[in-house]
Ligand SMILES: C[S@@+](CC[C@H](N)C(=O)[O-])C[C@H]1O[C@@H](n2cnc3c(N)ncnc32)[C@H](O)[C@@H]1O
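We begin with a single chain expressed as structure tokens, specifically the form predicted alone.
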Amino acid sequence: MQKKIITTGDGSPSLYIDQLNETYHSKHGAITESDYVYIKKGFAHWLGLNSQKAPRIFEMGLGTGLNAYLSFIFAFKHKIFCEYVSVEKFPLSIHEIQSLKMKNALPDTYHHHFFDQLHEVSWGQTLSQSNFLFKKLDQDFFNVTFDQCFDILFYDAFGYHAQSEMWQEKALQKCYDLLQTGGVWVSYCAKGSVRRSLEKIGFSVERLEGPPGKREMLRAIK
């Protein structure tokens, strides 16, 4: 599907898919949304409850790699070890990533090399950088399996209108199964049916204030 580069509200770029009427990030700010939803309300929240542990993070939807990059920065600044695994069924090409020029907007220029490396590393191979282990999988979320569970799950699928199957009970049950007890699931989504499905599966669900342009978001604890 054809993708168009757009500039979001905070000046950072994103991609728009006309056929789906969907963007990869919030139009109100790509970096602002990722940092607020996944780092502050996900990673930082978990760390506040588990200060002595090294988290394993799973990301549903690598996309542009923005969440992975911001997680690397957060782990580096807080001097914690982190293992990060991301799955992506529809990977962006290196040309698409380079055309986006995301690095022009990314914080911490000293670490911009990691953004390049996470896209250049081969699928299925582990990238070890400082205190951060990164692996990306070119697979279908429904088929991926692991020997160990995760502490944090970033759920970053396209919106309900574009990928409704990713917001049904089957997908959310898989999220539950991938997490450790006490694990944190976090997403920009605040749809009522998603919240009810999470609760039915067994999650304890919180409705939180959303990032700019969005009234609410969801965080769930196993």
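Just so we're clear, the structure is a prediction, and the values are computed from it rather than from any experiment. Numbering starts at 1 and follows the sequence shown.
Although not depicted, the form predicted in complex with the ligand is the subject of the following passage.
In the predicted bound form, the ligand lies within 4.5 Å of some heavy atom of residue 67. The closest non-hydrogen atom of residue 106 lies beyond 4.5 Å of the ligand in the predicted bound form.
Taking non-hydrogen atoms only, residue 141 approaches the ligand to within 4.5 angstroms in the predicted bound form. Within this chain, residue 89 lines the site of the ligand in the predicted bound form, having a heavy atom no more than 4.5 Å away. In summary, among the residues 157, 47, 172, 179, the only one with a non-hydrogen atom within 4.5 Å of the ligand in the predicted bound form is 157.
This chain is displayed alone, yet in the predicted bound form one of 63, 55, 183, 42 has a heavy atom within 4.5 Å of the ligand; that residue is 63. In summary, the region of this chain contacting the ligand in the predicted bound form, judged by heavy atoms within 4.5 Å and restricted to 120 to 128, 106 to 114, 145 to 153, 80 to 88, corresponds to 80 to 88.
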